[in-house]
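As a starting point, one isolated chain is supplied in structure tokens, in the form predicted on its own.
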């Protein structure tokens, strides 16, 4: 197993070293990522500066939703977000080189890059999570401890699966990154807010089509013992791992279908 993973470790290691070679540039990028995370949370803060409750959640609960969703998305963006580069690889014929190597193409794509600057956004989300948890009145049980530990991992898996789904669609669209971003980055934005603020069709979209609600909102309802809005009862928060499995099942089926559809550039 170690020998099979060695090519990926070498590739990822080289990418990481190349980004940290110029330290001032790396620190600048890292601080920029921190600033983005802070600005996104500032948006939530400004909303609750004008209202006490939004979607049946107060500021502390909304901060917990934001933190959990952003930990998951920022980790998925760090690990898999560069799958957005697939349209470039398709146009330039870079994917043909992936096909020539005796390694899974998806694994090569995932390890083709890693943006360490995104660690800044991860750090901001983790700090907000650490502050928001004690602010909420949670009756802790063994099940809830397991849920809060599992939720960031599940959220990462869901968003990573969405990135792979978006990449798979590019085999047919080629220039469809703007379309797929509506579901990846749009889902990430929607996940940072209570799903109850959306209309029923939008709530169903971001729960059962793009399972953004499973990354934070529904688990938080379970943690706080709050009922869910119509169409999304709170007990669905326990089903977040199933949502992650479903997303990855669709992602892998779509990826395989797209790879079979790909005919190469002739380069």
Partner chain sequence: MRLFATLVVLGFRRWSTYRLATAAGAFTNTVFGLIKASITVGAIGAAGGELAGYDAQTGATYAWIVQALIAPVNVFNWNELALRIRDGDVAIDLARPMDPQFAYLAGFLGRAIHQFIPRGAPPLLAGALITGLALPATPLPYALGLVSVVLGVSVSFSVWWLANLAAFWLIELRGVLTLNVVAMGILSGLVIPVHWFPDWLATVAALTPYPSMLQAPVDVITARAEGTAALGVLAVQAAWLAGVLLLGRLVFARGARKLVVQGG
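This structure is a prediction, so every number in the text was calculated from the model and none was measured. Positions refer to the first chain, counted from 1.
Below, we turn to the form predicted together with the partner chain, even though it does not appear here.
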Practice task
Would you mind picking the one in 119, 173, 114, 150 that has a heavy atom within 4.5 Å of the partner chain in the predicted complex?
Solution key: 173
Problem - Sole residue of 36, 226, 239, 60 within 4.5 Å of the partner chain in the predicted complex, by heavy atom - result: 36
Exercise for the section: Give a yes or no on whether each residue among 28, 183 and 186 has a heavy atom within 4.5 Å of the partner chain in the predicted complex. Expected result: yes
Problem - Residue stretch of 126 to 134, 191 to 199, 139 to 147, 152 to 160 approaching the partner chain in the predicted complex, non-hydrogen atom distance within 4.5 Å - result: 191 to 199
Problem - Residue contact check: residue 209 to the partner chain in the predicted complex, 4.5 Å heavy atom - result: no
Practice task
Mark residue 233 yes when one of its heavy atoms lies within 4.5 Å of a heavy atom of the partner chain in the predicted complex, and no otherwise.
Solution key: no
Exercise for the section: Using the partner position in the predicted complex, report whether residue 204 sits within 4.5 Å of the partner chain, counting heavy atoms only. Expected result: no
Handout entry: Residues within 4.5 Å of the partner chain in the predicted complex, restricted to 27 to 61 and counted by heavy atom
Key = 28, 29, 32, 35, 36, 39, 42, 43, 45, 46, 47, 49, 50, 51, 53, 54
